[in-house]
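Here's a solo chain for you in structure tokens, the form predicted alone.
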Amino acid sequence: MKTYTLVSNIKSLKGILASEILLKKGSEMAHLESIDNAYLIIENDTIFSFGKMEDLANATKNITISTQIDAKGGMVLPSFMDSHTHIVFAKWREEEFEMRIKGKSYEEIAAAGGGILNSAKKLQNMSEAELFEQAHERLQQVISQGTGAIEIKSGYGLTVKDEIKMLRVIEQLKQVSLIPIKATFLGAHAIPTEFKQNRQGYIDLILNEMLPNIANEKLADYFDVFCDQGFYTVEETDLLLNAAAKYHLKPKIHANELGYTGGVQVGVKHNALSVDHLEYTGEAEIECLLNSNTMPVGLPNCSFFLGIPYMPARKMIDAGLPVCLASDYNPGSSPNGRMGFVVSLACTQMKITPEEAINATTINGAYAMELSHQYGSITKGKIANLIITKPISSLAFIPYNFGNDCVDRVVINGKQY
């Protein structure tokens, strides 16, 4: 049975795209197609039609509206697509925050058993049920802040049992979630302490035990490696990505957060869906990405929180690249999943426009999860996952008013959340 929901009195309906456009790149990112003084009609859970309020009577002639949502002069945008998170974790790491205040670097904290290894130790001592309960609460929180699809990584297990435990939690989240979730296996996140003198031994564990078991249970959509200074080398990443390909797991890799390490190049070599972080991106990396279908993903929350460089998004867009931005929500370097703040940082620190930032967090985020045929824009036939803002004067007010959340309400699968 068809039911129709009307969203009326929209100050500006933004992010309108034709169905064939699955990402935006270069100068295209500066354009956020819109209709002012608009309505939008949802059929069941999909976008049915939209237009100017003056044409509403004609648009509803042959249908019966069963639910009405008054936008009250707020703007309506496609919901955020968060393509890089680590929201399944055991405990926060505020003690490391204090260490950084006192001058310790990310690498120094990691070398002392902090960082990823700290999270792994805590997660190994927590039950699957507890992990699920905590992650589900975080998931509900980010949905209420405007996230309409999300990727979640493992990588805090670092044993066969605990990596599988994490991915099973993500699978449970998929079963109850109102928004799409993509699962990424990140066993190659760090080298566990017990393998410090035997790196190849841990890599063999990933290759011979983790990968076959995870593939057999169909627990992952993607495969990730932390290819960076002090973590996994290009050669190790190459070996791991070759193995993952045999199990039909596409790469989405961490690259160039801590230096010019060749992570971008090895990601592109393997036709990675995305290469993420990219704080260290020069001409060679840009040229490599221009000759690929790989989406570059920036994580400005991480740069803000750690005090490290930001991905040069302005330079990359000007070179003709697409850019995606995600939250990197995790307990160590980005303890915040609010995508509205990501948009603010993109404008204030990366010097991209509000329109570019919204495209980077909607249609391009959907592309980085292979969801842009169904999500990420205002397009007839796409799933109606939407943000309704508070009454605001302009799109720029969203990043400008960074301390407050401009999201008033969200619509998920055509229903107010």
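Predicted model only: the values in this text are computed from it and were never measured. Numbers for residues come from their place in the sequence shown, where the first is 1.
Absent from the display: the form predicted in complex with a small molecule. The rest refers to it.
For the candidate set 237, 256, 184, 333, a heavy atom within 4.5 Å of the small molecule in the predicted bound form is found for exactly one residue, namely 333. A single residue from the set 289, 116, 167, 211 has any heavy atom within 4.5 angstroms of the small molecule in the predicted bound form; that residue is 116. Exactly one of the stretches 243-251, 168-176, 128-136, 82-90 approaches the small molecule in the predicted bound form with heavy atoms within 4.5 Å, and it is 82-90.
Put simply, residue 223 is far from the small molecule in the predicted bound form: not one heavy atom of it is within 4.5 Å. In the predicted bound form, the small molecule lies within 4.5 Å of some heavy atom of residue 189. Using a 4.5 angstroms limit between non-hydrogen atoms, residue 151 is distant from the small molecule in the predicted bound form. Contact check for residue 106: a non-hydrogen atom falls within 4.5 Å of the small molecule in the predicted bound form.
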